[in-house]
Every structure is written in structure tokens, then in C-alpha cells.
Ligand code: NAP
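The chain below stands alone and is given as C-alpha cells, in the form predicted on its own.
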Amino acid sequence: MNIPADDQSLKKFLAYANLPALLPAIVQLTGDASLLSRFRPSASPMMGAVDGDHSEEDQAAIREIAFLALKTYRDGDGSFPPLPSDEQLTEMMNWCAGETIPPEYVPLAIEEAALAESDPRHFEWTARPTDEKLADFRVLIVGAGFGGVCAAIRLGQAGIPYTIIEKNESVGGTWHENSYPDLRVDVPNHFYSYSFEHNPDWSDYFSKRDELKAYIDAVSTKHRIDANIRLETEVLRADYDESNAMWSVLVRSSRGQEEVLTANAVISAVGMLNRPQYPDIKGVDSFDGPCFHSSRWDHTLDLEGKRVGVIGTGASAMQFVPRVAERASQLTVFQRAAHWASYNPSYRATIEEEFKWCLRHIPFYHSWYRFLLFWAGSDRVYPVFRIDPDWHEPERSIGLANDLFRQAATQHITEQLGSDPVLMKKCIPDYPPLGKRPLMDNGWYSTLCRENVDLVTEGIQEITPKGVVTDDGTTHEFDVLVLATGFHAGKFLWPMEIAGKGGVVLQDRWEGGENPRAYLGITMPDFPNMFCLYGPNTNPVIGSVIYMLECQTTYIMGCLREMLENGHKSIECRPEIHDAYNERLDAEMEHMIWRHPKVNSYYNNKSGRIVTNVPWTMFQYWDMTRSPDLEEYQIE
């Protein structure tokens, strides 16, 4: 930590520090927990809210305390006191969040916010196998997005040989494949990142695609992932050989060369949003002009002065439509269903250099800021998604917290649309908020008010060489057509063919791929030594997918530890454990907003079952995946 010798500079930097994160950091730096009782807790756990809802007098006092503590640290020997006790950490969490947090969250906070000096999730052996034994064990990872890279890092720490198979020419997963205008993350960056690789230099609170891609590139390079990856190679099929407990994996390079690789274990990290879904519309291939899926954006195309049609109004469209509208002469957006979008003043805000300095140089500050974002953006808002059975207006919302969200979102939409009755009717959804993917307004509503923008809610009859014909018989002519129609989110591990014990095919087990199930979203009976990252029912509608991936990786590494330390050939989830878990999951899902009768989205399969989302709190899922219960497995 480099604290400036110039006291005025130090004071200048501290003026930009987020107080709810700053004071716990100073308490941890000094070991003086009495500081917490001198000031009331914050009431505003928000990114970018530097004052924490404190009075000007308290703000000045907290910053002066921090100034003196950092001066002492700067002029001292650079040592830190021991990690506070669990009781002290609970008090610090409560102060940071401005509300009472259950004390069982302490070990989670230590891990997720990296409150300790070392990485608590760093893989450690109980009894390290010999080098020869490790060299004979190989893991094959499918996919080099955030999940695959995380698994590779932990395998590397353990000394377990691995190979990543990646179909693209670079790491990054969805952040490599998608590059449409103004693509950015919708979870705060300082939480949407690895717990063991903090980045104090994000440009924005919600950074754009190129910066996220650069982050995963840098992490991959730091941990030497490049030496163990085969790019532009795709997995076609994987077969389990019961006689030797090995997987045979058929891969094909971009040049068409096929090869069979063998592995003791396979980790699927293919993600959920990487196979574009093209619309089932008559004539979709007949359009004469440029026509492409939003995830395959044509950057060679200049949209200046063009008539552009966009089919779809989901997360991707909500981000790129405002930018396209600035260049197109006419933009027509075809909407099948309206979406709720909330407003966040930090969504497009740039981070000041002084704030970055605080993250970079104040001991423990980055960790407490990350914890603040974790709590404010995950379990704290869980009740908004949970159905209150006694709620008196179940058609419009599912409970008080959900209804308050609806009111705020409706007010924002009304303000943005200027109470235009036609647009209001088109833009206010008829289902409770958050029933579909939560979206953030990126200038969407104000864009719909532009003279060169039309929002069409008529159904599409067909696509012709000249444009789109809607159900009312109107022909809309375009120069360019963009398909913002999402992904095959519910087709987990597709289109790979995976055959387990007895030749059972996973997609058949999953009823043609329509009903995917896995224990903890990670492992399935009859598929020994195969693990999923971001598998069925692990999509965190609240929180960060990277958080989930780290939880899953920890669990998988626990399974591999058991195999290697005890000389086992295979580990396989027991069917009754798998089935009981999914029964509990489905029962829990009935209490969640996604099962509301007015809600249908890519979360659901054809029968209405939720196959993507996790119904548990972030704490509950972390607790379930801390380590495998070996009684739940058949081990040979």
C-alpha cells in the first residue's frame, strides 16, 4: 500500500471514499472496534454514495479518523493486526450495511470480500498426493469463460494437469463473443469479478465489454492459463468408459481435424448464454440486406443514415438500441413483450481517479466496498423475488417489497416517456416486476421518444427481402435487420453429446434437453467424474454469476481432492440425493416470482418448470457447496 507523504493529497483522496466501506476498513487496520459505536450505521448501502447518509459533521469526523489512522500506518512498519473476531466482524458488517446481518455470514464475507490477507478459497490439500499420482490424473475443461478460467486456476494451484477446450479464438466466453454497441455488465464490477483478483482500476461502476474482456485476459495471463488451452477447438461428444473410469472426448478443430482426448474428469464450463437463438419467423433468411444476431454484431457495417429494424426488446436490445438510434435515420423496434427496467444513477457513471486511489491504497477498503455491493445486490433484495401468499394484490405484484419496486419503476417510466399514453400502454408490463430478467435503463425509454424511433407491438407475420410484415398487414422496409432474440439458455451443454454409464445420453435423460436437472446444478447420476459450472438452476438473478462459479469450483475441487487423496477412480452422485434435491428445488421455486401465472420467459421450459434460476439465497447456495458430503456419493 502506497500512502502519499503529502498530507493534503491524502485528505483529497479520502474525500472520495465511500464511508460505509471506509470506517470498517479503518477498524480492521487499527483494531479499534470502538470506532463503530461513535457513529450510527449507514442507511445507504449504494455504490457511488460516498457519504453513507451521514451528517456533514460525522462525515468530516470519519474522514479525519481515517486520515490519522492512515498517517500512522504510513509512518509505521506496514504490519496489520490479526483478523478481527467473528463477533467484531459481525458488528463491522452490520455497520457497513446499515442493518443487521446474520452472524453466519462472517465466513462467507471473509471469503467473498477477501477480508483476510491471503485468498481463503486457494485450494489446499489435506494430504498432498505424490507428483507421479498428480501427473497421471488429467482434467478436461470445456469452455474458457469466467467459469473455465476459475476452474483452471484452482486446478493449477493444486498441481492437477488440465486442458481447456475453447471453441473461440480467445478466452472470455460471453465477453468475447458479444461486442454490440454499449455492451456492459449489469452487476457492479467490484462484485462482478473474482474474489481473489480484485481490480481497483475499473473505469465505470458497470464497465463495458472491452474492459471486462481485458480483465479476464489479464487474469488468464497472470495464472498462465494460455499454456493449457486449445483454442478454436470444439467438443462434439464425450463417452464414459466404465471399465477404466475414463472419459473419451471427441474434439474438432476449426480446420475440421478430429481427435479423441482422454480425461479422468470433465468440467463443463460452456455457460448458458453462448448459443444464439434465431427467431422462428417465416422468411427469416430471405432479407436482402445485412441481417445478423446481436451477439454476432457486424462492426464493418456503418449504420449512419440507415433504416434499421430490431427484433427483440430484451437485455441486449435495451443496451444497444439507444446507440443505434443516434446513427440510424429510422429505427423500428419490434416488441413481443414489455420488460421492467429500473434506473440506477451509477449505471453509466465514470469512476473518479481519487476513488480508484482509495480502492488501490487504503488497506481493506476494497474488500469492504466489495462486501457492501455483495450484500446490497444479493441477499438483501431476495425478498423482492419471493411471493407473499397473503399479499392483497397478486395480479400486479407479489408482496410489499415487490410492489414498492413496481411503483419506483413505473414512476421512472412515466417520467421518461412524458406520460405519452400510447408509449405508456406499450411499455408498462402486465406482469409483476422482476418476473423476467431484471434490466437497467440505458436510455431505453428516452430513446423511444425520439422522432426517428418507432416501437411496434404488432406480431410479426413474416420477413421478406425488403423488411418485416406485421400481423396488421403493414410492411416495414429496412436496410439492416438486427435479431436481438436471445440465446438457447435452457439447453444446457447443448449441442455436445454426452454418454455416461451404460451409454445413457444426457440429453435423453433431460427429456430431449428440455428438462435439465443436476444435484446443486453441478453433478448427475450415471455421469461419474463429470461436473457442471453454471449448470441447471444456478443462474443468480440476484448477485453475480462469478460468485456462483467460485462456489461451484470450490465444490468440484473438493470432489477431486477426495478422489486423488484416497485413490478413488470415480465419484458419482446418488440418484436418491439428486432426485430429493430437485424436489426441494421445485417446491422452493413455487414461492418465487418466476412461477407467477403471468410470467413466462427463457427461465421456463415448455412445461413451465424453471430450469435456469437458483431459488436459494446466495448464502444458502454457498453453504450447500462449501464441501461435498461424501455420503451423498457412490465412490469407487
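One-based numbering along the sequence shown. Small disclaimer: the values here were computed from a predicted structure and weren't measured.
Not on display, but discussed next: the form predicted together with the named molecule.
At the 4.5 Å threshold, heavy atoms of Arg296 stay clear of the named molecule in the predicted complex, well away from it. Taking the partner from the other structure, the named molecule in the predicted complex has no heavy atom within 4.5 Å of any heavy atom of Ala499. The closest heavy atom approach of Ile110 to the named molecule in the predicted complex falls outside 4.5 Å.
The named molecule in the predicted complex is not approached by Glu242, whose heavy atoms all lie more than 4.5 angstroms from it. Residues Gly490, Lys598 and Asn605 are none of them found to lie within 4.5 Å of the named molecule in the predicted complex, as judged by heavy atom distances. For the candidate set Val468, Val251, Ala328, Ala484, a heavy atom within 4.5 Å of the named molecule in the predicted complex is found for exactly one residue, namely Ala484. In terms of contact with the named molecule in the predicted complex, the residue from Leu183, Met563, Ile556, Val324 that brings a heavy atom within 4.5 Å is Leu183. Proximity to the named molecule in the predicted complex, taken as heavy atoms within 4.5 Å, picks out 304 to 312 from the listed stretches 392 to 400, 304 to 312, 124 to 132, 93 to 101.
Of all the residues from 402 to 416, none has a non-hydrogen atom no more than 4.5 Å from the named molecule in the predicted complex.
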